[in-house]
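One chain comes next, on its own, written as structure tokens: the form predicted alone.
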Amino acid sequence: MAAHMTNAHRRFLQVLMSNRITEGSEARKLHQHCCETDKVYYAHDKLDDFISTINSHLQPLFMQIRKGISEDDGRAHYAVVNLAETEVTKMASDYTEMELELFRKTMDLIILSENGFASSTDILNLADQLKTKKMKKKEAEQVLKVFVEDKWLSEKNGEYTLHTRCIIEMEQYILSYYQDLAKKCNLCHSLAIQSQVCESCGIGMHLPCARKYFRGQTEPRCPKCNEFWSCDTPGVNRMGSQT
């Protein structure tokens, strides 16, 4: 039998849904705030149990609070995921078919790339090749801006990648649709869009996961084949100590 759902759980869920995605430290503060506001039992190390209670009640609705990590810094994030929807239907109510096509083509570029990024130039060059309707570059720039604001994409110096929210919500779709291209991190077993890849056996690791794994080692070696890890891992020098 599912644990009792209190007003604290409902408040927590409402805020998470409103935020779209919530960083781990903010989720912990929210957990405390909700419990104290509604005068229910609070323990700082019980966030996972608190979320499990919510998920048990969301299950019949084909929804779930999922935890993922930022590929940039390894910090945990939480998002509410609709399990009954595909990639297309998740976004269909918010965007036009033309905008969705641009997003799909952007995702193709990102996943097909070696580093998990697509340049704004490459994306904008696709604008007049859309099947639904050609899009002017100025219009495409505005659409990309909206995708960033809505946390489907992240942008850095004119380069775009999938936002943590997108990875959490669309992980299963991406692994299924791009099954020959998409990789999972060998350490955390989550989808890895930005990853370092072993030159010997081909496994991938998120940069934060690789940094954590190699910390303290005498020299970085692949966790699968034990060959020397040739990728430059910022934060770890060739002798395995932090720089």
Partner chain sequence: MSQRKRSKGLGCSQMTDGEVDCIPTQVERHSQDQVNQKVNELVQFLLVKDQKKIPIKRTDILKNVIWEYKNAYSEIVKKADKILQEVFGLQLVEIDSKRHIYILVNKLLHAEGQHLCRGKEKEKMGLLLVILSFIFMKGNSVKDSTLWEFLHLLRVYPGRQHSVFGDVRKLVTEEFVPGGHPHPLTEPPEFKFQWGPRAEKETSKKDVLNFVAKMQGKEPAFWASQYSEANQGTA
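Numbering follows the first chain given and starts at 1. These numbers were taken from a predicted model, which means no experiment stands behind them.
Only in words, not in the display: the form predicted in complex with the partner chain, which the text now covers.
T37 is the sole member of T37, S52, S176, S200 with a non-hydrogen atom lying within 4.5 angstroms of the partner chain in the model of the complex. This chain appears without its partner; in the model of the complex, the one residue of H33, K46, R215, K67 with a heavy atom within 4.5 Å of the partner chain is H33. The partner chain in the model of the complex comes within 4.5 Å of no heavy atom belonging to C222. In the model of the complex, the partner chain sits within 4.5 Å of a heavy atom belonging to M63. The partner chain in the model of the complex is approached by L58, whose closest heavy atom lies within 4.5 angstroms of it. Of the heavy atoms in M17, some are within 4.5 Å of the partner chain in the model of the complex. For the candidate spot formed by L112, D122 and C188, no residue has a non-hydrogen atom within 4.5 angstroms of the partner chain in the model of the complex. Residues placing heavy atoms within 4.5 Å of the partner chain in the model of the complex fall in a single listed stretch, namely 24-32, out of 192-200, 205-213, 177-185, 24-32. Contacts between stretch 94-114 and the partner chain, counted in the model of the complex as any heavy atom lying within 4.5 Å, involve D94 alone.
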